[in-house]
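Here's a solo chain for you in structure tokens, the form predicted on its own.
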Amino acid sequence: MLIDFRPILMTIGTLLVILALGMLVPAAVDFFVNNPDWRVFAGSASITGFAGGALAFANRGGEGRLSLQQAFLLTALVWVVLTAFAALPFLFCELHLSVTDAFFEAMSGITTTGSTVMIGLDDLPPGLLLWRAVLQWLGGLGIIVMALSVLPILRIGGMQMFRVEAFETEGKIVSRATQLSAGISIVMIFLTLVLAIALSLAGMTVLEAAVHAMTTIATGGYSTSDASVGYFDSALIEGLITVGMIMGGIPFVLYLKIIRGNRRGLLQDSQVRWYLSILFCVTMAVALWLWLKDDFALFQALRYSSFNVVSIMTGTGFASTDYGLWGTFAVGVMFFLMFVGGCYGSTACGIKIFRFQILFAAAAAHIRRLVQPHGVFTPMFNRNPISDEVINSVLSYFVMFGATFSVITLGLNLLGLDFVTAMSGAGTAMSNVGPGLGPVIGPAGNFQSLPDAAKWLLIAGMLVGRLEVFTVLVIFTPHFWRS
């Protein structure tokens, strides 16, 4: 049976129109400061808006129920097509980035990865800096809506267990997604405005505050300086951004529940408790290492540890200093931490906390069965039993995540990258973290010097990691097209 592409193309067209409207924001800023790049954004918005409007208009009869195949294709194609149009300002701006670099920057932005090929951020026009932030903010919003509305239906990596909370049937996708995205948008706008005002009062300019507020709440990590947040050298600014990153890693539906009067739901959620506990324990461990081994003052150790640990675990990718110089233990912790993400339904990246909870619960139940073969032990999550289907789905996710990570690492090795750069590059791409390790792509470097083939491989890694692995891989199987 042939796939009906009309609802897919109509949705993509609508999102392209939204993307075009987003381009008008940096266009207005550049026009206000009399920077000629406003024409680039205006032209890109015209092209994007025309393409999106044409797609939406030509396929306007395609709304309605989505099949499983259509949902898989829509989820993958949206991110590729939006990235292609989002790259236009990078391609035509005064920097004249190559197609590879422009696509890399756009993909990194829209997946909230935060890796960059751009050098000299301190001297870039305000519109370009703002566009990078707008991309990450829109991408972060899209990630939440996708995780809550589409992925539970696709039964990706255990996310089907959240389906009851989000959407009951495929027929409700459009209407319920509209309601949910509106509520999530209001929460994101509110948190972004509050953080922007706080950062402005803490010493940032209006542009710096706006950019960092958007990329913090979206856990994206694009900054206005090559030195990232370390440029400001302010404990107050780092503290505010740390709080913002932590909030970005919490399920946004819990904020909606708080607004509706459920004040206890936040700390009753086992994901949030695990998330905050891991952040606290790792922060204390790294701070203790810096205090005892690197002769940091206690407050300084806590300051640098908390900011950078939160940044890596949430996948934000900001850096206040080069943690690659902190010694073997701290670097090792940062490497493994980049795979541990935030909560389901947040903007955070990496392997979501609930998957580790399910894995540990299943392992604990298995160990108890080994000790008491005739006992009945049911693994639990949030006081609910975990089905075998969910456990198998999570285990499959871990296997495919590891296999894809290995393939990308070996591919980067074949392209001439050293092992540390290749391994951390694959990890940071698939976990959508931003900086890797080592002198090339570490917190003090960037991805500009990598060969184009390596950049395209990392682009694929960003997409696969952001879309939870199976969403992309399944459409390359012959069975998908025959079903």
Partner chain sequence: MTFNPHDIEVIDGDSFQVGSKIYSLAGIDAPELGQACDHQGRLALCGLTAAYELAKLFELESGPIECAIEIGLDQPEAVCLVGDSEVSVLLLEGGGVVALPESAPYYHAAEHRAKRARLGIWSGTLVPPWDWRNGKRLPSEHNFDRFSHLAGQLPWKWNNESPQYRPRAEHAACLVKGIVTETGERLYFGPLDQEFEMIEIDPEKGERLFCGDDEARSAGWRRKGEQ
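Positions refer to the first chain, counted from 1. Being a predicted model, the structure only gives us computed values, none of them experimental.
What follows is about the form predicted together with the partner chain, which we do not show.
With the partner chain omitted here, the record of contacts in the model of the complex names 220-228 of 352-360, 191-199, 105-113, 220-228, defined by a heavy atom within 4.5 Å.
Note on contacts: among Thr321, Ser181, Thr283, Ser270, the single residue with a heavy atom within 4.5 Å of the partner chain in the model of the complex is Thr321. Screening Ala365, Leu97, Leu276, Val81 for any heavy atom within 4.5 Å of the partner chain in the model of the complex leaves a single hit, Leu97.
Interface residue remark: Asn35 is counted as part of the site for the partner chain in the model of the complex, having a heavy atom within 4.5 Å. Using a 4.5 Å cutoff between non-hydrogen atoms, Ile186 does not count as a contact of the partner chain in the model of the complex. At a distance threshold of 4.5 angstroms between non-hydrogen atoms, Tyr304 is in contact with the partner chain in the model of the complex. Not displayed here, the partner chain is kept clear of Gly53 by more than 4.5 Å at the level of heavy atoms in the model of the complex. Residues are counted as partner-facing when one of their heavy atoms sits within 4.5 Å of the partner chain in the model of the complex; in 114-130 these are Ile119, Gly120, Asp123, Leu124, Pro125, Pro126, in sequence order.
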